[in-house]
Every structure is written in C-alpha cells, then in structure tokens.
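To begin, one chain is listed below as structure tokens, in the form predicted on its own.
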C-alpha cells in the first residue's frame, strides 16, 4: 500500500494510473476503521483496479467542538487494517493540506430540504462541512466510483446532491450497513461506549426493527411514538425517530402501503450520539 500525505503527489500518481486506463474506487473515511469500512474497500476492489481510502477527521462537519476533540484517532491501527485488506492507496492529509486557505469557506451548497430535516435539524452546518471536505477530496482523487455506507443514509443523499452540483462524473455506490451480531450498526463512535452503554446501544436497532415489523398502511404517528418510548425507557436521549420516503427523505405521516420507506433514528447514550436506519419493505 502506498501512503500519500500531499494532494499534489497523489494527483500526479493517479493521473498516471488513469493514463493507463485503470479505474479508481474511492472510500472516504474519518478513520478508526472497522469491518464496515473494510466492506467498502472490498466492494471497490471487485470493480476497480485501484482502491483508495482516505483517513481525515474533518473539523468543518463537527457543530460541537467537544465531539471533534473526542473523535477516536487510531492511525497506526488504520494503516494495519488497510494493509491487511490489500488497499492500494491511503491518503492521509493534514488539515492544512485539505484547507490550505483555512477552514472558513465562502461556498454554500444548495442542498434544499436535506439540510433542514433529521440530521440537518439537529446538527446545523454539518452537511455544509461534509460537502466542503468532499468537494476537495473528490477534486483531488477524481475517482470513477465513490463507495459509501448506508448507515449514513442522509449523508449519502447529500453527497449525491453534491456530485450533481459540482458536475463530477463519478458513480456512487451505497453499500449495506454492517452490524455486530446483536444488531448494533458498526460505527467508529462505538469505541466511545463503555460496557453498560454498549449493552444498551442495541436499543436503537431494536426500535427500528420494531417499526419494520409493525408498520402498516395508514398513519405512522403511533408507531413512531412507541419506538421513541422504547428508546427513552432504555436510557436514550432521543433526537428523532422518523419514517421517510426512501427516495428523498420526505417525512411520512401517512403511508399508502406502496411507497418505499426508510426508518431513521438518532439518540444519545450519555455523551455518545448514535444514528441508524432500516429500509422498510412495502406490502404487496
């Protein structure tokens, strides 16, 4: 595996590879890698000659500075895992390399209602920061395909919008969420859970699974209320539990029984904020 820390050197190398007709798959991460990230690496390797992973904890997408400070950094472990996974390239830039002019950006990305609902409502400015770093990374890497995890469902939709806005010819592949044996979605933030919190953390999956198993055509308010109560009784401080159209995240209060849906939740266990989602099957 080749490690690049400077964008100029990475660009030059990838340009040579593109001249040889080799396709590049890109897996952007903030490090503290786990099997969910490695599943994206494997997905890229199936369809591209070159798989590139970036590890960069982006300061502009943290609306809470304390959350940024506590984000787990495990660079040596990440390198080890990527080498074992036979990843071709690791891009390991500094903040100054990604933001040579400083982190303040004059660009506003027209994300529409995506940045006003769900994560956007509870983390103002978050998706602008995500777009800020991803535009820079995409313009450095110019990948043929971008690999994202379904766990960050709303972020996947935001990045689809970003690619449209900057008119970059990149295909986006959204890969299934990987889960622990008890259902908890794999996440770097899980490292911050203590033992009692880790035991309770499965509650967020159970609440979403409750929605999936019990949703019926008609009003959705009662099932959302029941799922929120389940989380609260299990020690969570709930930001939201929602049912939305899978296509555009438009919130759904009444279901026709046919429109594809996704159930989403975000909640705190003490100081750790967890998110998850499940696609809901439509009735015949």
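Positions refer to the first chain, counted from 1. Everything quoted here is computed from the prediction, not taken from an experiment.
The same protein has a further form, the form predicted in complex with a small molecule, not shown here; the description that follows concerns it.
Asks: Considering 161, 74, 198, 151, which brings a non-hydrogen atom within 4.5 Å of the small molecule in the predicted bound form?
Replies: In short, 151.
Asks: Looking at 100, 176, 112, 125 here, can you tell me which has any non-hydrogen atom within 4.5 angstroms of the small molecule in the predicted bound form?
Replies: By the 4.5 Å heavy-atom cutoff, the listed residue in contact is 176.
Asks: Among 28, 31 and 40, does every residue place a heavy atom within 4.5 Å of the small molecule in the predicted bound form?
Replies: Judged in the predicted bound form, 28, 31 and 40 all sit within 4.5 Å of the small molecule.
Asks: Whether residue 155 contacts the small molecule in the predicted bound form should be assessed with a 4.5 Å heavy atom distance threshold; does it?
Replies: Residue 155: yes, in contact with the small molecule in the predicted bound form.
Asks: Is residue 186 close enough to touch the small molecule in the predicted bound form, meaning at least one heavy atom pair within 4.5 Å?
Replies: Yes, residue 186 lies within 4.5 Å of the small molecule in the predicted bound form.
Asks: Report the stretch among 199-207, 104-112, 90-98, 143-151 that approaches the small molecule in the predicted bound form to within 4.5 Å, counting heavy atoms only.
Replies: Stretch with heavy atoms near the partner: 143-151.
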